[in-house]
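Single chain ahead, by itself, as structure tokens, in the form predicted alone.
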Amino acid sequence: MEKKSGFSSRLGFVLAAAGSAVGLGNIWRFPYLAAKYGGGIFLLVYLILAVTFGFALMITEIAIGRKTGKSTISAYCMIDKRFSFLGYLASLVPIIIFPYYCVIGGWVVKFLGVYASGQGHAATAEDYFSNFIGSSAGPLVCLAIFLFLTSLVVMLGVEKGIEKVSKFLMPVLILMSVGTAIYSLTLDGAMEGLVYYIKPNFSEFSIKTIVAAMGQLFYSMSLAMGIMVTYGSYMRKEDDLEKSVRNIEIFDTLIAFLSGMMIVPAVFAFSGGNKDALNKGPTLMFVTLPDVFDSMKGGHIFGLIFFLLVLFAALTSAISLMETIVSIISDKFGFGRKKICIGVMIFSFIIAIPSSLGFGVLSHITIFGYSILDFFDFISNNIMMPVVALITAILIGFIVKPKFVSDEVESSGKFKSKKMFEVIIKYVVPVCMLIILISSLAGYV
């Protein structure tokens, strides 16, 4: 078995964990959810939940990882053998998500190539995106490119691969986000969109706003999928755990906020203030935004920078998903990193093929009314992740007690939010998870 590697510094850990959190969920999902559920009021609810509910779950998972020094399966088994099933359940989440996430990452590769080759106007054709994902060879080639880039970084290891790449990509990602957001605000009519985005309208507040914001936290913060447990196992014992989690939250929330500032004002300006233009779900990025870019002065450059930014964000999250799978296999079987990476890469490509072809030659196949990719997305994000978070909260809140986490946090510094953490992990998280599960199963959101 290879020696357990780790991050060389607290900054390296924070940037890598923040990179995991900053992904496609921040860039396209956050803005359209904000538009759908009241703009500023959604933003306010999300921020409150991020520093309370999200904080409690993230610090729990990182503390579990650092305390045990193991990846997900072994970590939960060490805490309480009766809960070893939880480790397997949590480990299934990245195994399900990673292949179809790479399919979407491949779409980003395609659109980056379109803008890099000066063909941005072609992407405005009404059926351009649907024709692309409905084909067979093109999406699979783009999937392979994205998967290869991800595997290359993971193959280099934690310190030489993930940490180095995160130290480069995260600052670049923030600078690009700030620049793009500022440019977006200079468009005619953009300020109206900014006001809608940041000014809370309490008349639009509802239970749906809370449920949507809670669901977004899973996407935004890489919770309940074994990633933070894995990254926590690489964290140095002397690094302040609470401060690190707060730093990760700041990075993640900043990128999500800036994503909204990039997209909401620009789409508002393009559509003449029509909020419905934002309610396009996943197609917002690949159908609506090319039209927006095409209407801008310098829109070709704007589109190129935007899709490069999205690619960076997608890669940092994909790297963390793959690293979690690699770490699980390494802990369980002791194989070398390179062999595991090659195996995971081949396996993921094969598993991703049905998700990719599900919009083309396999589009006739649906599962409970979902396309193949959408079904995997629903099962992992709406069912499995809330279940993992619920059982984790029960384990920490009532079986081993919050002291299990508090002791690990206090081993490297003062735990300022200790009382708040104990209340949230015992009472708030279980209730929130039950609400998400019920609403998901009922098709409430």
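Remember, predicted model here, so these are calculated numbers, not experimental data. Each residue number is its position in the shown sequence, starting from 1.
Not pictured, yet referred to below: the form predicted together with ligand PHE.
For the chain seen here without its partner, which of 172-180, 82-90, 367-375, 213-221 has a heavy atom within 4.5 Å of ligand PHE in the predicted complex?
Among the candidates, contact is made by 213-221.
In the predicted complex, do G23, N26 and S320 all reach within 4.5 Å of ligand PHE through at least one heavy atom apiece?
The answer is yes: all three residues contact the partner (heavy atom, 4.5 Å cut-off).
Please tell me which of Y231, Y101, F306, F111 lies within 4.5 Å of ligand PHE in the predicted complex, judged by heavy atoms.
None of the other options qualify; the answer is Y101.
If the cut-off is 4.5 angstroms on heavy atoms, which of these, I97, I329, M345, M261, is the one near ligand PHE in the predicted complex?
None of the others qualify; the residue that does is I97.
Flag I227 as yes or no: does it have a non-hydrogen atom within 4.5 angstroms of any non-hydrogen atom of ligand PHE in the predicted complex?
Yes, I227 is a contact residue.
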